[in-house]
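A single chain, nothing else alongside it, follows as C-alpha cells in the form predicted on its own.
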Amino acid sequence: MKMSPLDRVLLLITGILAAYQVAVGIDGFDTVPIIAYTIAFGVLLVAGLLLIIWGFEVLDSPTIVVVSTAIPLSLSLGLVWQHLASFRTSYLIFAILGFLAVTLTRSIPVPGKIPTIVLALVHGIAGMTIFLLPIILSVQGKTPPLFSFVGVGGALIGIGGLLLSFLKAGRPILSRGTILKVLPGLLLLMTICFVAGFKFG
C-alpha cells in the first residue's frame, strides 16, 4: 500500500512531538525515567522517520516486532519507576526479560504459538500498565487530572502495537490495508496524548 502525502504529514508531526518530548518534556525526572522515556520517544521518532523515508514497506522488516515492543516496555518502566517505588526492581527485571524473550523468539525458530503468546503477554502487561496506572493515579488525586491522558495514549499504543505485532506474526487482527490506513493517525493521536499528559499532568 502506497503512503499518501497526508500520511507523511501526520508522521512528520508525530516525529516532531516525539523529538519535543525527548528534548523538553522529560526535564526534571530521575535518571531511570529519563532514560526509559528517551528510549521510548526516541524509537518512536526513528520509526516515524523510517516510515516517511521508506514507506510502509519498512514494516516488513523482521525487526519491527522487536522495535514495537521497546516503546511500551520503556514507557511503562518509566511510569512504574516514578510512581510505584516498591515495584521498581521487579518491573525492571520484567522489562529486560520481556524484551529479551521477544527478541529471542523472533530471532530463532520457535515451534507452535510460543512467539505469539510471549508477544501478547509482554505487550499486554506493558500496555495495561501505561493505560491503567496514570488513570488510577489521577482518580486518586496523586497526580493532576490531565495526567490521565498518558493512560489514553497507553490504550492507543497498546492497540497499535498489537495490530503491528500480529500483522508481522502472520495472524492479523485486521486486514493489512486497514491497519496501514489508520496507523499514521493512530501514532499521532497517541503521541499527542502522551505529550499532553506529561506536560499538563
Partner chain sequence: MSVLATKFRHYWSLTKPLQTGLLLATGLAGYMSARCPVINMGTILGAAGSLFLAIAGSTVLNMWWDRDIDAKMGRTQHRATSSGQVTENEVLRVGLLLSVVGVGIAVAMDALFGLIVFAGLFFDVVVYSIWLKRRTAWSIVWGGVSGAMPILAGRTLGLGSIDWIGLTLALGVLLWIPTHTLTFSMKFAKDYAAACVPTFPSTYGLGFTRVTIAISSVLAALAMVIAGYGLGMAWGFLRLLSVLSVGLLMLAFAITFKPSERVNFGLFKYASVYMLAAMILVVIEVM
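Quick caveat: nothing in here was measured; it's all calculated off a predicted structure. Positions refer to the first chain, counted from 1.
Keep in mind that the form predicted together with the partner chain is not shown, yet the notes after this line are about it.
- With the partner removed from view, the residue among 70, 155, 162, 45 that has a non-hydrogen atom within 4.5 Å of the partner chain in the predicted complex turns out to be 45.
- Interface residue among 32, 53, 146, 174 relative to the partner chain in the predicted complex, by the heavy atom within 4.5 Å criterion: 53.
- In the predicted complex, the partner chain sits within 4.5 Å of a heavy atom belonging to residue 22.
- In the predicted complex, none of the heavy atoms of residue 138 sits within 4.5 Å of a heavy atom of the partner chain.
- The partner chain in the predicted complex is not approached by residue 66, whose heavy atoms all lie more than 4.5 angstroms from it.
- Shown alone here, residue 133 lies farther than 4.5 Å from the partner chain in the predicted complex, counting heavy atoms only.
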